[in-house]
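Only one chain is given next, in structure tokens, and it is the form predicted on its own.
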Amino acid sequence: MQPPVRPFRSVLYIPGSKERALEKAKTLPTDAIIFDLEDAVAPQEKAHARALLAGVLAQGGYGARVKLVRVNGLDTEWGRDDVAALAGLEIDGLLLPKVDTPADLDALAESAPGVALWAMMETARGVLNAAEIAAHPQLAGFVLGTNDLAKELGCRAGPGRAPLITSLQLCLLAARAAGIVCIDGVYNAFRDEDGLRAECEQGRDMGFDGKTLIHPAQLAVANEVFAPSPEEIDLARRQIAAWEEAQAAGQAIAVVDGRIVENLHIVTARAVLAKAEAIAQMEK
């Protein structure tokens, strides 16, 4: 299946306990927001963050941005209260941390019927069960938790992320087989633009829909890298035009820039144009 048309180039984490950050997020050029009630909130702030976020979301104002909330695990003292506080609010999904098996999602689905679920893929067990998790009927997407995954694996994931490649690819394969969104993990050094760009390009080339981000300063790079370039848009248009002309002449293939163009290339070309149009609508 093709990746979703709705853009997920940039997916910014916002702490649910920070009122100023929650307000500023309404103006940021991010495709999606993860309102975080888990790692970004200290235990003594959990109840305050939950109430604050519920009130802010009830007011609205986030426009076309995808609104996801990362709740605490249902095995913690806060998770079920998080889910209850968000009931009836206009959000696009609940993100569950440390999903190991589809049963973890079943428990959340029982507490949030009809709400789109998202899974943090950040454990070894979860990665090994990625295909079964991705096939959950209520699941809309994966978010890679590369920091936690690296910690659990005991690896040193430096430039190129070689120790994580197998895990990234397994999750991406499972997501594509199930037709769900797959978002790459964060890049921690938010002042290192060159490093961020290299990791975004790696994730894009692997096939991820976008990247999770920890700071607004990372938005411009992610939005640029994960958007179709002007050259890609131009090529897609020329491929479609040439193929349609060939079809009208009773031919199965066309040639553009010295390369064969078949139906499979047209599927990709149309996906490129659909994504470009979705981004244009998002940025209006």
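Numbering starts at 1 and runs along the sequence shown. Being a predicted model, the structure only gives us computed values, none of them experimental.
Form predicted in complex with a small molecule: not shown, discussed below.
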Quiz item: Within 4.5 Å of the small molecule in the predicted complex, heavy atoms considered, which of I214, L153, L74, A135?
Solution: I214
Quiz item: Exactly one of A236, V225, A254, A40 has a non-hydrogen atom within 4.5 Å of the small molecule in the predicted complex; which residue is it?
Solution: A40
Quiz item: In terms of non-hydrogen atoms within 4.5 angstroms, which of the given stretches 255-263, 45-53, 22-30, 226-234 touches the small molecule in the predicted complex?
Solution: 22-30
Exercise. Give a yes/no on whether R191 approaches the small molecule to within 4.5 Å in the predicted complex, heavy atoms considered.
Key: yes
Quiz item: I14 near the small molecule in the predicted complex, any heavy atom under 4.5 Å?
Solution: yes
Practice problem: State yes or no: in the predicted complex, is some non-hydrogen atom of A178 no more than 4.5 angstroms from a non-hydrogen atom of the small molecule? | Solution: no
Quiz item: How about V186: is it within 4.5 Å of the small molecule in the predicted complex, going by heavy atoms?
Solution: yes
